[in-house]
Structure formats: structure tokens, C-alpha cells
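Before any questions on how it binds or moves, here is one chain, the form predicted alone, in C-alpha cells.
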């Protein structure tokens, strides 16, 4: 019982993912700044920002639903932290492992997006309402290709369970390289899920202030920012486990090091994409996801089905 609580609260649970989320924010901001020939923040800046927001006054709009307004940031944090507990860190088995846990993680990672929508909706602000509708519209665009891309590697492994997918590709050498198309699709879809440039339409500060978070201040805004940082780590860990299924049987220390390197690699890719491209319109985002990402994800599924059928003969 005590050991389980330590794993949930400290490692690989909430404390670990909290520190990793702040480190991921620092890495993302630092890389983004350096690629724009800026210095970027010091290493402690994400933690300082979090503490500063916690100390600020909490202001709730007069017309907002006070109960829902307060509880949504906590729900977002709880959802992304819970998703991380189902993803392998240093060995193929996650803290809570069960059949089909890949599907469960994808499902849980949609909950924060729904809280962002509800946060804007119940803020009763014009900018927040516009942002919330953009959040929902964008979610319907990237979720389908993301789901198809992440589940595609499991077709070859005949399983959508992390440990079984890792074991399958671990015994097949470099066979995981076949899933490069779905990896590219998943990275782009995750960029949309995290609402990073060029898919930061819901928080377009030059158009609608801060979008769905316009009315959020102080501690509640700090929790939303923390949720988005943990979501970045959880999404990166999901991609690492599915598309980079190596380094999970090398012991505790080496396993952690390889895990962190894979997370950092995905954060670098996301930062590069954020630097290269400019924000696009919502209609362009929807068209891009349905016209390009979804067919590419479907192509990867067909390739994997053909390879599996050929191997069975």
C-alpha cells in the first residue's frame, strides 16, 4: 500500500510528471527562443511563473458559473496526470497496466480539450466563447487522424496494449520504422492537440486575446497552464512508447535516461514546427487534417494490414 502511494504521488507519479512538465516547458521555450536568435528564459522560469500565478488574486467574472469555472482547471490537471500513469516509463509495464491501455490514454487525453471548451463557454465572455468554439472545431479535426495514427502500429502487433506493442517491436529489430508515416501524422496532430503554432487558433492572442482562457487569472490559470505542460509530456510519452519502442529493458537508470531523451526529441520536433510555420486559419486547419492527415493515417493502416497478411502466409 505504501509503495503504491509512493509510486502514484512521487515516481513515476505526480511529482515526477510535475517536474518533467516544467522542464518540458523550459526546453520548449528555450529552443523556440534560440531558433529566433533570442536568449530565452532561465531554467527556473516555468516554476517561478507557476508560483507567481498561484500568488495572484483570483477573479471570477460576474456572469460565469462559479462552481464549474473553479473546478475545470483541476479536472484538466487530474486527467493529464492520470493519463501519464498508464504510459510506460522505464520498463514495458506502466504503473497501471491493462489490456487496451493505448486506447484509454488517447481517450483520457481528450478530456483536457473538453475542459478548455467548457472553460470558455461558462466564462460568458465574447472572446472566451469564440475561443471555446475554436477549441471544439479543432478537436474534431485532429482527433481522428491522431487516433488512427497511434493505433496503426498496434495492427502489426495484434494488440493495443503498451507492453505487448513494445515486446512485439522489440523482438522484430527495426520493424517499427515501417510506421514512419503514422509517426509524422501523430506529431502534427499532437501539435494541434497542444494548440501550438501553427494550430494555436483557439488562443490567437492577436485576434481574441487569450481565447478560452481570457477570463482566467491567478491560481486557476496556473492550473490550466500546468495541465497543458503535463499534456505535452503525456502526449510525447505516448508517441515515444508507440513509435520508439526501445530502451525499456535496459534497467532503471538507463531506461529513465532513454525515456527522457525520447521525450526531449519529440519536444525538439514540436519546437521546430512551431518556429518554421505561422498560424493558419481554422478552415485551413480543418481542410489540412481531413484532406491530408486522415488519408495518410489510413494509408499507414493499409500498409500494416498488408504486411501482417503477407507475414501470416
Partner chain sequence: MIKSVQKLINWSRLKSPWVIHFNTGACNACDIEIVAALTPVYDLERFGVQLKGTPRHADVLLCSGPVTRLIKDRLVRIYEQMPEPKFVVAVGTCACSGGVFDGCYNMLSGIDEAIPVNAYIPGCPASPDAIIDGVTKLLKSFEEGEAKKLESSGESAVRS
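None of these values were measured; they are calculated from a predicted model. Numbering follows the first chain given and starts at 1.
The same protein also has a form predicted together with its partner chain, omitted here; what follows describes it.
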Among 209 to 217, 179 to 187, 237 to 245, 74 to 82, the stretch whose residues bring a heavy atom within 4.5 Å of its partner chain in the model of the complex is 209 to 217
Give me the residue from 51, 63, 254, 276 that has a heavy atom within 4.5 Å of its partner chain in the model of the complex. 51
Every residue in 91, 100 and 262 with a non-hydrogen atom within 4.5 Å of its partner chain in the model of the complex? no
Within 4.5 Å, heavy atoms only: does residue 225 come near its partner chain in the model of the complex? yes
Taking its partner chain as it sits in the model of the complex, is residue 249 in contact with it (heavy atom to heavy atom, 4.5 Å or less)? no
Quick one: does residue 57 come within 4.5 Å of its partner chain in the model of the complex, counting heavy atoms only? yes
Residue-level contact is defined here as any heavy atom of the residue lying within 4.5 Å of its partner chain in the model of the complex; does residue 221 satisfy this criterion? yes
Mind listing which residues of 25 to 57 have a heavy atom within 4.5 Å of its partner chain in the model of the complex? 29, 36, 38, 39, 40, 41, 42, 44, 45, 47, 48, 49, 51, 52, 53, 55, 56, 57
